[in-house]
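One chain is shown next in structure tokens, namely the form predicted on its own.
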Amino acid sequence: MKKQYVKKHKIEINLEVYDSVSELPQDIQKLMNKAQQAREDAYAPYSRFKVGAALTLHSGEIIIGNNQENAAFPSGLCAERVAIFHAGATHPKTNIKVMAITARSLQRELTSPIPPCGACRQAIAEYEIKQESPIAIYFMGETGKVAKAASIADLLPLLFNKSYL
């Protein structure tokens, strides 16, 4: 029997990592502050895990979102999707330039960057593909380091898109 060789492909992602919010550019500090404010208004009575997101549109307008839970768990929505869907519904022709995300647990301190979940990554990918330009994504826990992905492709390198349909 002939031995088959399988080719392996290594996929890498590149992130910029900042030690704290204070190292970010001023406009991103402001955006992260908006995300932190939105996080505190999250409705998370079940998970006790609050997430806030803020987007800057190319027009300069800032859109916020926070997670909204429901006792029927699949009925809730993450902060990132609340913000990006709101932007898509109210500003359908305006591109999204950058997104800031922050998470806080009411049970323990989060000091590591918390990236968007898979469903949010796919939703962000849809908007990035639609607008044909990358969306920079900054994410963090409650405190500590902040990570930056230049595009959702850095967080979802094998993304599913309309070309497969």
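Just so we're clear, the structure is a prediction, and the values are computed from it rather than from any experiment. One rule holds for the numbers: they count along the sequence shown, beginning at 1.
There is also a form predicted in complex with a small molecule; it is not shown, and the following applies to it.
> Sort through 105-113, 22-30, 66-74, 135-143 and report the only stretch with a non-hydrogen atom within 4.5 Å of the small molecule in the predicted bound form.
Result for this chain: 66-74.
> How about Cys78: is it within 4.5 Å of the small molecule in the predicted bound form, going by heavy atoms?
Output for Cys78 is yes: heavy atoms within 4.5 Å of the small molecule.
> Does Ile129 reach the small molecule in the predicted bound form, with heavy atoms at most 4.5 Å apart?
Residue-level check for Ile129: no, no contact with the small molecule.
> Please run the contact check for Val51 against the small molecule in the predicted bound form: heavy atoms, 4.5 angstroms, yes or no?
Output for Val51 is yes: heavy atoms within 4.5 Å of the small molecule.
> Is there a heavy atom of Ser47 no more than 4.5 Å from a heavy atom of the small molecule in the predicted bound form?
Yes, Ser47 lies within 4.5 Å of the small molecule in the predicted bound form.
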